[in-house]
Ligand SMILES: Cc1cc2nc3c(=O)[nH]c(=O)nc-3n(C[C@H](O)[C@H](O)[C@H](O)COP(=O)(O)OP(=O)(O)OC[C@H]3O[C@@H](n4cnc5c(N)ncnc54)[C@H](O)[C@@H]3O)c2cc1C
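First comes one chain, alone, set out as structure tokens in the form predicted on its own.
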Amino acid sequence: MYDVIVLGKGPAGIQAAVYIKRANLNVLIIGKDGGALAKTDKVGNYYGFTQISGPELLEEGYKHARALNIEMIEEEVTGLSFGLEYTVTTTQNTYQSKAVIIATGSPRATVRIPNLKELEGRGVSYCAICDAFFYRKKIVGVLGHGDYAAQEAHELVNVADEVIVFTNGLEPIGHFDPKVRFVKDRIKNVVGQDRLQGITLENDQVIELSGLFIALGSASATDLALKIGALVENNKIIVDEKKQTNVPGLFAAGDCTPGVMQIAKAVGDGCVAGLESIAYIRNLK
């Protein structure tokens, strides 16, 4: 088991891990890519560099991590749960830790489907492992087409009567359970007032559902936070001055938290989250 798992290998995540490793704690960084910084052509307002490209700045961070022998793996995170310890699920493995820092950058834009937002918590859910129990022997849907959607569908197939994966016009590319049914038509709207009743497709066909689980693209920072009850507002994870969420041992840093979306701020957040996670782990011992 790790002391701390850092989700994200951008400036916030790497900076946090550097402090944790130098405190002689066992830390793991899990990241799929370098996020927005990997696509940034020129950076000219970051301390110490008159001008540098985003990929070059990321590589400097990776060099720093490697110099400290920080374990860093490239996998896609699909789930996060909390019991006696944290469990991080990826497309390949599961990992346990005593604390987690979410530093996966700004969450992606969600799909715009009429009435979807209004029915969140009333049939529209973001965590299959949390809410599958409530849909025993019922028909449920999963909105998505990749490995994240496949993971959510896998949690549901042995509980629900039927699981329908809505790809919203895209081809499925994840490793889906053979028991799921695919609907590839685009979605027109979500049906329901006080509670979700179903989905209307672009051909005006209505498919009745008791629940709909949102699993678009890769799991975002807010997706992971919502899975274990962390507060989220305006697609940002709410943290205190210690970068800790309302869930003990769960910290967040960088663009996934409120404030300016700048590299300097992300690094500062990573510093605070790293130091406070060290204090949290030491208080457990």
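Values in this document were obtained by computation on a predicted structure and should not be read as measured data. Start at 1 with the first residue shown and count on from there.
Form predicted in complex with the ligand: not shown, discussed below.
- Which one of V100, A153, V77, L209 is close to the ligand in the predicted bound form, taking close to mean a heavy atom within 4.5 Å? It is V77 that has a heavy atom within 4.5 Å of the partner.
- Task: Spell out, yes or no, whether the shortest heavy atom distance between E59 and the ligand in the predicted bound form is within 4.5 Å.
- Result: E59: no, not in contact with the ligand in the predicted bound form.
- Message: Does any part of G105 reach within 4.5 Å of the ligand in the predicted bound form? Heavy atoms only, please.
- Response: G105: contacts the ligand in the predicted bound form.
- Contact test in the predicted bound form: A273 vs the ligand, heavy atoms, 4.5 Å: A273: no, not in contact with the ligand in the predicted bound form.
- Task: Give a yes or no for I263: in the predicted bound form, does one of its heavy atoms lie within 4.5 Å of a heavy atom belonging to the ligand?
- Result: I263: contacts the ligand in the predicted bound form.
- Item | G141, V157 and D161 all contacting the ligand in the predicted bound form, non-hydrogen atom within 4.5 Å | Checking in the predicted bound form: none of G141, V157 and D161 is within 4.5 Å of the ligand.
- Query: Counting only heavy atoms and a 4.5 Å cutoff, which of 241-249, 226-234, 30-38, 63-71 contacts the ligand in the predicted bound form?
  - Reply: Stretch with heavy atoms near the partner: 30-38.
- Within 4.5 Å of the ligand in the predicted bound form, which residues of 1-33 have a heavy atom? Give them in sequence order, or say none. Heavy-atom contacts to the ligand in the predicted bound form: G8, K9, G10, P11, A12, G13, I30, G31, K32, D33.
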